[in-house]
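Next up: a single chain in structure tokens, the form predicted on its own.
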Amino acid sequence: MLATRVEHETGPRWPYARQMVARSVTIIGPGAIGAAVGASLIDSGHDVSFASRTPFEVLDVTHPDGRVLQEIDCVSDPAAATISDTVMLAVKAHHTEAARPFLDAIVHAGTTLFVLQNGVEHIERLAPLVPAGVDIVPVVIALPAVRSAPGVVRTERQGLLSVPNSLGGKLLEELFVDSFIVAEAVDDWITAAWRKLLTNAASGGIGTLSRSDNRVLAADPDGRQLTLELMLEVAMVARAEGADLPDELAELMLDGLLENAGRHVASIVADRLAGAPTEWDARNAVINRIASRHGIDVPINKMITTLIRLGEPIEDGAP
């Protein structure tokens, strides 16, 4: 499949007649993030296929520069999947185990596996599920995207993917050249990951319990203060892990979040509103685990984690 830009508000970045040397990439989990990332790769001229429990035939992603609209290859049966040297796992963290059949079918020793998930335990989460010799590359995602139907996604701003400065990280940079998503290999990935977790734990945690978008974080002085105190707890744990997150950064990040994504509904909030399981473990419980290793008390995050967990849907057969 030769990828092409189908629609573009400002005209194509490269002529349609130009032949691109396409890399084959398989994306497992084309939800909002996976579909947007796939469209961005198509935008850069790559051959992209998808693996999804819910099959679809057309990718339709609207982004800041225009639109990618293209028929795609999507398998819903792991038995029909083929191995790939370049794979992106874009399922939510709590769906990782459910993606195991696709991982077994697609990933092999020598695969570069990019893990596009929240949290800071990407490698720990995936290492037991893939063969030895797989290069697991953790990815921090900054990409507000909304899915309205299988393969149909809208994203309002340019996306950013941050990866460790490694061979895999450099490969990711190359994959997203000339696209509406930018990938960057950074020397201090730990700080990048904990910066994202700082906002995820606060905006997602408080948003889930209040069932609100990001504006609730500044709805009144008490809401803002609670958010800042939670962020300070997370920053303390982040520093123990080696991240460069001084306390004064919390308020700056909160102001930036409200300015750039004030009306954004975090994915964990959307899942709670839909009655679906949430990423409470990867977003909040992980902080408790790591804090315990360092002997750090995080009472606000512990309380928020417990309350989110208690609101999770009850599995069939559970008491």
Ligand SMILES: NC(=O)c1ccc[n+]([C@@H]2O[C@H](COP(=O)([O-])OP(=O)(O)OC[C@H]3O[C@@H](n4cnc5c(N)ncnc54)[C@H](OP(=O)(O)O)[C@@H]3O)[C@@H](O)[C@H]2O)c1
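All values reported here derive from a predicted model rather than from experimental measurement. One-based numbering along the sequence shown.
One more form of this protein should be noted, the form predicted in complex with the ligand, which is absent from this view; the next part is about it.
Novice: So in the predicted bound form, are Val48, His108 and Leu129 all sitting within 4.5 Å of the ligand, heavy atoms only?
Specialist: Per the other structure, none of Val48, His108 and Leu129 touch the ligand.
Novice: Looking at 37-45, 59-67, 22-30, 290-298, which stretch has residues with any non-hydrogen atom within 4.5 Å of the ligand in the predicted bound form?
Specialist: Stretch with heavy atoms near the partner: 22-30.
Novice: Would you classify Pro144 as touching the ligand in the predicted bound form, given a 4.5 Å non-hydrogen atom cut-off?
Specialist: Pro144: yes, in contact with the ligand in the predicted bound form.
Novice: Does at least one non-hydrogen atom of Gln117 fall within 4.5 angstroms of the ligand in the predicted bound form?
Specialist: Within the cut-off, so yes.
Novice: Contact with the ligand in the predicted bound form for Leu197, defined as at least one heavy atom pair within 4.5 Å: yes or no?
Specialist: Answer no; every heavy atom of Leu197 is more than 4.5 Å from the ligand in the predicted bound form.
Novice: At the 4.5 Å heavy atom threshold, is Val237 in contact with the ligand in the predicted bound form?
Specialist: No - in the predicted bound form, heavy atoms of Val237 and the ligand never come within 4.5 Å of each other.
Novice: Between Ile123, Val177, Ala219, Ala98, only one gets a heavy atom within 4.5 angstroms of the ligand in the predicted bound form; which residue is that?
Specialist: In short, Ala98.
Novice: Select from 88-104 the residues with a non-hydrogen atom within 4.5 Å of the ligand in the predicted bound form and write them out in sequence order.
Specialist: Contacts from 88-104: Ala90, Val91, Lys92, Ala93, His95, Ala98, Ala99, Phe102.
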